[in-house]
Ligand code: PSU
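A single chain, nothing else alongside it, follows as structure tokens in the form predicted alone.
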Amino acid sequence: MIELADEVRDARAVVALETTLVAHGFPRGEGTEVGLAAERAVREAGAIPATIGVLDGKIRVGLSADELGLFDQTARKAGPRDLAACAVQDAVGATTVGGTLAVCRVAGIRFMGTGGLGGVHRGFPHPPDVSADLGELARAQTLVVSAGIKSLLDVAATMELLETLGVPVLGFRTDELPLFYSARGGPPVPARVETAAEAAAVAGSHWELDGGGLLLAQSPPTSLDDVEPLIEKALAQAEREGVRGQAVTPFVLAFLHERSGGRTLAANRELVVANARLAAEVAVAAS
């Protein structure tokens, strides 16, 4: 069911990339360009990109540019629970962070770049919504580079749950967790690293102890410190319109992109590419 591209199978340093970000994280037509830019950043850093999605009845690890273009807003969001159904039903499945990590766990891929990690939704337990990203991160021996936790979530509660799950959170040249769009304002990180090599060494030691995944949090290249009021408005609008579950994140992102005059869209592009590049640097250091 899982099919690895030849260059992924033969590579020493591999970085996994998700496809939900391509399909649902950006306006129609822009996600593919962001995905390709992330792949270029991985290659420039000396690693091989393994963009993961469900296509033609298989879970594909490594996609061509043309195949990546098939992951648009019509694609199913494929978390860990959805991978098998997407493959059997021959659906185009755009993998979430959790879905990508589930594949990494089976394929033995140790590094991943993404935008932000999912977590505990605001207002928990009403709704009782916790992202599958967290469970898979705890299980997969994969280091995920992100701009912290998605700021539309309950970041403090998510950090507490990561501690419960035994997931190390490392700040890359920062002492506080970035809030996706903003470099400041998050809770303190348990440990700080200064270089890709140091992050790789911590990950290697964690895995020697039979640990699972790690989160390496990097501040976004452009920090937007005035987005929180817009996030609150977006979540309130989603509530009024009855938006639930997996539909919340793309709804909020679209709201932010429109109401910020495109500033959040530009920041999102930058941080996705920067995180892919750092993930590649860690992968190369580990290899």
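Position 1 is the first residue in the sequence shown; the rest follow in order. Worth saying up front: this structure is predicted, and the values here are computed from it rather than measured.
Omitted here: the form predicted together with this ligand. The next part is about that form.
- Of the candidate stretches 207-215, 102-110, 130-138, 193-201, only 130-138 has residues whose heavy atoms lie within 4.5 Å of this ligand in the predicted bound form.
- Although the partner is absent here, G186 sits far enough away that none of its heavy atoms falls within 4.5 Å of this ligand in the predicted bound form.
- By the criterion of a heavy atom within 4.5 Å, V14 is excluded from the residues contacting this ligand in the predicted bound form.
- Looking at F71, you'd find every heavy atom of it more than 4.5 angstroms from this ligand in the predicted bound form.
- Using a 4.5 angstroms limit between non-hydrogen atoms, Q246 touches this ligand in the predicted bound form.
- This chain is displayed alone, yet in the predicted bound form one of L253, V227, A41, V61 has a heavy atom within 4.5 Å of this ligand; that residue is L253.
- In the predicted bound form, K77 is the single residue of 60-83 with at least one heavy atom within 4.5 Å of this ligand.
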